[in-house]
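Just one chain follows, in the form predicted on its own, and it is written as structure tokens.
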Amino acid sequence: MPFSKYLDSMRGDCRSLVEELGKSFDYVSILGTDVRSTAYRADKNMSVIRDSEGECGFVIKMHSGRSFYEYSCGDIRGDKKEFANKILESIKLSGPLTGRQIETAEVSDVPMKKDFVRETDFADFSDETLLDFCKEVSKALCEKDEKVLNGIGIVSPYSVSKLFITKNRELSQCYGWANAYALVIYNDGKMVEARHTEGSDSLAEVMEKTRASIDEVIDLARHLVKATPIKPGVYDVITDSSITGLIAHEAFGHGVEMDQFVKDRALAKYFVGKYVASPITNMHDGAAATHSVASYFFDDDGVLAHDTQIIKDGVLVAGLSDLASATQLGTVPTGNGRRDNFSRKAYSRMTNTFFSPGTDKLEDMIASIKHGYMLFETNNGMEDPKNWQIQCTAEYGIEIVDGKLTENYVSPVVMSGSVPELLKSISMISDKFEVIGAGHCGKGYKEWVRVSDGGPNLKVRVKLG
């Protein structure tokens, strides 16, 4: 997959603007972004190809020695002195910024020049081929059972090119990811939806695995249509990798994004170095921590990708920071500065967030439960970082009786409670490990970025309802 020709042609313009603005600021960086994304979808009634999530533009970040400023635009060509004056004038108009000072000596700008590339097979597949794949999935789902109201096939590849330039740095990166979905709408007395999701930087791989999931999706729909509500209570629970990831994301994901430390909005700020989980628990985040949808080479602040250990043997050891929050807190940025798009602010954001595998076998974990549930498939979740409460919804659960999975499905299932209580209840961790790369995560109710999460199976004790 080639790097953006447009961004490649803008390297000289970026360097010239950095030099011009450098006359007024201690530090100047320019991030150029060119993202191309297409969604292919087919159901029994229609098929469509549409653009999705694309963007192209620049954001200039400046540091005066005391404060950060940002300016975004769609183009930086033209007279650089005139453009620099325009930026300076816009900062003068933003008077309230002068009351929000960041006391710091300097911002690091370690010299480096490197082009990063992660290859994909996207060029091997035409629009027609990808749309035909979606039609094939839709048809296969619809033909499996007369109770299928609709079958839906989706595949969505996207390609990212980013250019980052400062006085001493010139970095570029080029990579891609593709997600594919098989969904079925099923009606047998009540209507349910069942789905299977795949993600990879290989279109051939996600298409092959999605084709192989057809029977699994139909079987799940047949069970979900018979699922009953769960009786509220506290249970021993086994999580699948999806629910494990949801716990990681909601329990110590947002809560350790260190811009929340700056604003004193996260209780985790006061528990660094303390036990917050069972001693067998380890948790990581980072674009370099695993290979998934949020794996990049450098973040939107030009910081190289990290593997950050958040929890080590039950102890909270680190948070996740962008350049601004790290500067304010006097720490080293962890490569978690991410933007919704070039016109939005960079925040401390999760990337690939997961629990590390343990040594237990899943069959032994299930066998250890007299009565409880195994939970599957992330639906949604939310947390209160200031009070450490969590709520996670699973698509369904399967009842465990006398150490064996039964045919009794419950749906939906809401897991709630205190984050430390939940994490300290972890008693077994499987040696199986999976990270699921299909998610989007907002900061509050907006500022969306792609994330992955996952890990092994966990045995926990938690309130379900």
Partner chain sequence: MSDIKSILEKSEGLSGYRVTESATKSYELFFVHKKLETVRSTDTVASDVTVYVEHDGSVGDATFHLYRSMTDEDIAAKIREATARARLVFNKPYELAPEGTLEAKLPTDLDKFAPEELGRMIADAVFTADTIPGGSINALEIFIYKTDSRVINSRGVDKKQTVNRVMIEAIPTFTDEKQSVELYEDYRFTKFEPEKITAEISAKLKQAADRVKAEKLPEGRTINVVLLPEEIESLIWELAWDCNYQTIYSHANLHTAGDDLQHGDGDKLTITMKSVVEGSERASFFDDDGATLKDTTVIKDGIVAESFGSIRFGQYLGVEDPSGALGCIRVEPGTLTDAKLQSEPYIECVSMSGIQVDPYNDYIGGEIRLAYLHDGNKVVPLTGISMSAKLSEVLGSLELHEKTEVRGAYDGPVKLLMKNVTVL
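Numbering follows the first chain given and starts at 1. Computed from a predicted structure; not experimentally measured.
The same protein also exists as the form predicted together with its partner chain; that form is not shown, yet it is the one meant from here on.
Contact annotation for Ala123: none of its heavy atoms lies within 4.5 Å of its partner chain in the model of the complex.
Taking the partner from elsewhere, Lys370 is found to have every heavy atom lying beyond 4.5 Å of its partner chain in the model of the complex. Taking the partner from elsewhere, Ser64 is found to have every heavy atom lying beyond 4.5 Å of its partner chain in the model of the complex. Using a 4.5 angstroms limit between non-hydrogen atoms, Lys463 touches its partner chain in the model of the complex. The three marked residues, Leu21, Thr331 and Arg450, fail to reach its partner chain in the model of the complex, with no heavy atom of any inside 4.5 Å. Among Cys73, Ala140, Met112, Val315, the residue placing a heavy atom within 4.5 Å of its partner chain in the model of the complex is Cys73. Among the residues Ile218, Val293, Val192, Val303, the one placing a heavy atom within 4.5 Å of its partner chain in the model of the complex is Val192. None of 279 to 287, 295 to 303, 380 to 388, 359 to 367 except one has non-hydrogen atoms within 4.5 angstroms of its partner chain in the model of the complex; the exception is 380 to 388. Contacts between 256 to 281 and its partner chain, taken as any heavy atom within 4.5 Å in the model of the complex, involve Val262, Lys263, Asp264, Arg265.
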